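Quick setup: one chain, the form predicted alone, written in structure tokens, and binding and motion questions come after.
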Amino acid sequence: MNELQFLTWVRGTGLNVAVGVFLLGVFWRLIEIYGLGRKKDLSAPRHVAGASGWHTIFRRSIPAQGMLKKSPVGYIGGFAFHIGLAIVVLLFAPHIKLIQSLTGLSWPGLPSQFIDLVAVVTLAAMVVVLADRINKPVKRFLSTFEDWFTWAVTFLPLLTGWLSVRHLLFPYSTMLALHILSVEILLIVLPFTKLFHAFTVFGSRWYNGAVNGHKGVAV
């Protein structure tokens, strides 16, 4: 398979398979989660200020008091790469065109120079967070293969995308094919790993807050 055939395959069959597995995986996982059910709480609700699902989403989205000082790399690096990743994925013009071709949805993008800067900052933040995990004995001890694997499959699409835009390392068509392939691998593994928190993080926080809020407990 030559470069052109490889690029054609990842943009056609490979992408169709990856998107199909991704959609089926997400659908199945959501059925598993929301199909668990829960007995209705018959106790009288205790209304306490700040005890609700929405309050919990807000509180859990910012560092707890004193934690930013204790773990600045984890929090700042984590926020930087999550926000940067969202910007690169959703506001880069070629990505928007791909999303439009798949869903029909479109929106304005940001200048490519800004996206390039965000990509570099995001890559740097991910490397710093990884180094922090490796250098901290407790974090390293608690890390499993899945943690290292999910970091890698998230990092590679960013890296290969930046390299392809910059025309570095390999010829553009090869680098672009590797970028698309790395994205497809990410799509396939996302529903079945910790990366699925992209779909559950705010829903789970709201649910925990709502349940505890019914009891008058702010979390």
Partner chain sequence: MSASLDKGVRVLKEVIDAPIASYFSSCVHCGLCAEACLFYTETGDPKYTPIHKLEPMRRLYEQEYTLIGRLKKVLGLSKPVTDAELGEWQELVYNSCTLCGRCSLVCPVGNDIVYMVRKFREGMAVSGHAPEGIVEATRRTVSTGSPMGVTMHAVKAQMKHVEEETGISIPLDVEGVEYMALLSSMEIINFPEYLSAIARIMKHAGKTWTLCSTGFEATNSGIQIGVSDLAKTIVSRIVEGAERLKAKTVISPECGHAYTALRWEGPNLIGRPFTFKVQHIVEVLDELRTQGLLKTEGFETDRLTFHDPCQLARRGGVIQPQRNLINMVAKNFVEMPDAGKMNWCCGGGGGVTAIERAEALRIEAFKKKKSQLEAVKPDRLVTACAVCRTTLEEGLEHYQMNIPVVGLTEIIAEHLPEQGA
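Positions refer to the first chain, counted from 1. Small disclaimer: the values here were computed from a predicted structure and weren't measured.
The form predicted together with the partner chain is left out here; the points below concern that form.
Student: Looking at Ala131, Val138, Leu117, Leu102 here, can you tell me which has any non-hydrogen atom within 4.5 angstroms of the partner chain in the model of the complex?
Tutor: Checked against the cut-off, the match is Val138.
Student: Just to confirm, Val19 within 4.5 Å of the partner chain in the model of the complex by heavy atoms?
Tutor: The answer is no: Val19 has no heavy atom within 4.5 Å of the partner chain.
Student: Please determine whether Lys70 contacts the partner chain in the model of the complex, using a 4.5 Å cut-off between heavy atoms.
Tutor: Lys70 belongs to the contact set for the partner chain.
Student: So in the model of the complex, does Trp28 come within 4.5 Å of the partner chain, heavy atom to heavy atom?
Tutor: Output for Trp28 is yes: heavy atoms within 4.5 Å of the partner chain.
Student: Looking in the model of the complex, any heavy atom of Trp151 within 4.5 Å of the partner chain?
Tutor: Close contact is absent here: in the model of the complex, Trp151 is far from the partner chain, nothing within 4.5 Å, heavy atoms only.
Student: Going by heavy atoms within 4.5 Å, which of 141 to 149, 123 to 131, 109 to 117, 89 to 97 lines up against the partner chain in the model of the complex?
Tutor: Going through the listed ranges, the match is 141 to 149.
Student: Could you list the residues in 20 to 38 that come within 4.5 Å of the partner chain in the model of the complex, counting only heavy atoms and keeping sequence order?
Tutor: Sequence-ordered list: Trp28, Arg29, Glu32, Ile33, Tyr34, Leu36, Gly37, Arg38.
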